[in-house]
Structures are given as structure tokens and as C-alpha cells.
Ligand SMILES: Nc1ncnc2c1ncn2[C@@H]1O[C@H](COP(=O)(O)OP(=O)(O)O)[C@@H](O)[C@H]1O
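One chain comes next, on its own, written out as C-alpha cells in the form predicted on its own.
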């Protein structure tokens, strides 16, 4: 089981890239579980699940934390565990057979931060990692920015995929994120320069990222991707022959090498 975090500055295309990669991997026969840790909860829509159908871990946070904490005291667990059955209540079937878990969001103003929500996801990932290899990949869709690294969620993960636009502010967030992921023992740092419009964009971004990541990939700006997002549809559904899918496939191959 490979555990991979997707991160980056807000608006760089993180959720769009993750959702397409997850679907392409499942179409190749991989079993993929995606955990949405972004409080905006947009990933479900990208994977074909209406907002009205979402169930979140936060809906039963206290009970899940108690069960997961107790289960982790006794490794390994099996698929017959009561906790395992409870977790499956929160796993939703998404497009192409991708499995989705949504962390949840802040329910009302003044409700506090997301620390306890992220702690719950950390317990969940540890629990799944200690049991049978039910999935080939666990993808974490992080909230924008680098706060999630401060919670230690991705400690010893297999890879960090940081999405960045070819702009100074976005690249700075990318460099900070990869530095923090290295601090946590994440094994491989992959940068995807998204929405590229010229070779100069790629050259300048590669110079800025040099030495901070293990692999740099790029993805050009595609109107097909933008149009799919406007419609709230997946690219594979809106434009299944889009040239963008060739570039998604290159990123997918890099993921398979982790």
C-alpha cells in the first residue's frame, strides 16, 4: 500500500489532478482510496458524488477516535474487526470505482480549528496501514497550504505530490511544503508545475525548485480541464479524448514508480 499526500497553494489544481489520477489508476486495475482532508470538500463533486450524498468522518468523530485508538493498540487487525465495519460506513463509491472518505469541515462559526479532524484521519491511515492491504494507494487531498504537515499526518508516507503554478508565490508554498514533508520522513518529493503556458514557465519553475524535489513534471494549461471544472464534471466524462489526459498519464506513471 502506497500512501501519497497531494498538496499545494489554493487554486493550483490539486483536487482536479488528484481526482483524474485516481480514476486513471483504477482503470488500470489499481485499488485506490482517496481521503479528502480539504474542508471545502470539493473532491466528492470531482469524483461524481453530489454534495447532498456526502457522509463525513466528523459526523461520528468521537466514537471513531475511540475505536481507532483502541484498535491500534493491538496489531494487526483483520477485515472482521468491528472497527473495520464501522469505517466502511464512511467509504463512498465514486467514479470508476474509486473509494472516497471525506474528513468533514467546520460546522459553524466559532467551532474551532480542524486539529481533531486531522488527528482522526491520522488514526485512520495508521489503522488501514496496519491491516490487510485492501488498497494499492491511499491518496490524501490536503487543505490548501502547509498546515497539515504541522499535524504530522503524513509521517513516513511514500510520496508528496506538490502541485504548483509557475508563479513566485505558488512556488514558494511548494518549496516550503516539500521541506516539511522531508522533515516528516516522506520518501519521495514530486512537483507538478500546472497551468503552464510557455517553455519559459517550465524553465523558471525548474530553476526555482531545483534541489527541493526528486522529480519535476509539468502540465500545460488546457481549456478542456477548465471547462470541465466549470461544469462540475470530471475531465474523463466531459472530454474523454482530451490531450490533457496524455499528461495526466505521465504523472500516473510517475506515481506508479513510487
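If you're wondering where the values come from, they're calculated on a predicted model, not measured in any experiment. Residue numbers count along the first chain shown, from 1.
Not pictured, yet referred to below: the form predicted in complex with this ligand.
*Asks:* Give me the residue from 202, 33, 219, 54 that has a heavy atom within 4.5 Å of this ligand in the predicted complex.
*Replies:* Spelling it out, the residue with a heavy atom inside the cut-off is 219.
*Asks:* Can you tell me which of 203 to 211, 61 to 69, 25 to 33, 221 to 229 lies within 4.5 Å of this ligand in the predicted complex, counting heavy atoms only?
*Replies:* Only one stretch passes the 4.5 Å heavy-atom test: 221 to 229.
*Asks:* Would this ligand in the predicted complex be within 4.5 angstroms of a non-hydrogen atom of every residue among 177, 181 and 187?
*Replies:* No: none of 177, 181 and 187 comes within 4.5 Å of this ligand in the predicted complex.
*Asks:* In the predicted complex, does residue 21 have a heavy atom within 4.5 Å of this ligand?
*Replies:* Output for residue 21 is no: heavy atoms all beyond 4.5 Å of this ligand.
*Asks:* So in the predicted complex, is this ligand close enough to residue 234 to count as touching (4.5 Å, heavy atoms)?
*Replies:* No, residue 234 stays farther than 4.5 Å from this ligand in the predicted complex.
*Asks:* Can you name the residues of 49 to 69 that have a non-hydrogen atom within 4.5 angstroms of this ligand in the predicted complex?
*Replies:* Sequence-ordered list is empty.
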